[in-house]
Every structure is written in structure tokens, then in C-alpha cells.
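Listed next as C-alpha cells is one chain, alone, in the form predicted alone.
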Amino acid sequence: MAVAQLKAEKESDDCSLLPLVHDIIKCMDKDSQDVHQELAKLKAKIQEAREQISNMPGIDCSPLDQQQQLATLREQVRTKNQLLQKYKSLCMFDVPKAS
């Protein structure tokens, strides 16, 4: 059941429009009546992509705000790496070898 759910999530995350466009072109080549159905699928997929974009975290931030957040996060990572190196150099973490 978890595999089916994971597969469904991957399919819902797929925003590729090319297969739908290809199906529309094939229907037009065959003079099929399914063109309207395929166009409706494309329209639904585009609407779904718009909703996913509007729900993305940080979409309401300006590029300047995003750059500032990125700089802050990079500074935090640099500080934490320095602390980690400092603690690694302490003798407390030397484990005696078993003889």
C-alpha cells in the first residue's frame, strides 16, 4: 500500500506537459473527436502546476529577502562547521584502543 501511495505522489509531482501536448497533436492528426478531452486534460495539468507554484514556501518573498535568508543560512553553516572542527580537535573524543 505504501508503494502505491509513493507512486501516486510521484505522478502528482510530475508537471511534464509534453506527453499531453503529444496526445493533442496525435488527435489532431487523426481528426479525432478526443481533442477537446485532451485539451481539458492539459488545462487541468496547467492549473495544477499553478496551484503547486502558489503553495511553494518562500514564493511570497522578494528576491532580496531570499538572498538575505540564504546569506544568513550560509553564515550559520559556517559557524557550525567551525564549532564542529573545534570540538573535534579536543582530546575528549579520543577513544582508547582496545588491546
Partner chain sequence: MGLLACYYCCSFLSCRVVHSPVGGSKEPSGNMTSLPALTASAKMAAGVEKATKDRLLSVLGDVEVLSRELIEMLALSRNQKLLQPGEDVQILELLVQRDREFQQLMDVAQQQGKVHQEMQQLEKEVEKRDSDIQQLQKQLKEAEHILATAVYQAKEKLKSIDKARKGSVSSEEIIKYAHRISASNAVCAPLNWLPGDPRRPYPTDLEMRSGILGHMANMPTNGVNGHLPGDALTAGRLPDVLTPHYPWQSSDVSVGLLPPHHGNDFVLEPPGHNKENEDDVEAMSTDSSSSSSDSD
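Positions refer to the first chain, counted from 1. Predicted model, so just to flag it, every value in this text is computed and none were measured.
Although not depicted, the form predicted in complex with the partner chain is the subject of the following passage.
Peer 1: With a cut-off of 4.5 Å between heavy atoms, is Leu70 one of the residues that contacts the partner chain in the predicted bound form?
Peer 2: Result yes; Leu70 sits at the interface with the partner chain in the predicted bound form.
Peer 1: Would Arg50 count as a contact of the partner chain in the predicted bound form, using a 4.5 angstroms cut-off between non-hydrogen atoms?
Peer 2: Yes.
Peer 1: Do His36 and the partner chain share at least one heavy atom pair within 4.5 Å in the predicted bound form?
Peer 2: Heavy-atom contact with the partner chain at 4.5 Å: absent for His36.
Peer 1: Using a 4.5 angstroms cut-off on non-hydrogen atoms, would Ala40 count as touching the partner chain in the predicted bound form?
Peer 2: No, Ala40 stays farther than 4.5 Å from the partner chain in the predicted bound form.
Peer 1: Sequence order please: the residues of 14 to 32 with a heavy atom within 4.5 Å of the partner chain in the predicted bound form.
Peer 2: Going through 14 to 32 in order - heavy atoms within 4.5 Å of the partner chain in the predicted bound form - the hits are Cys15, Ser16, Leu17, Leu18, Val21, Ile24, Ile25, Met28, Asp29, Asp31.
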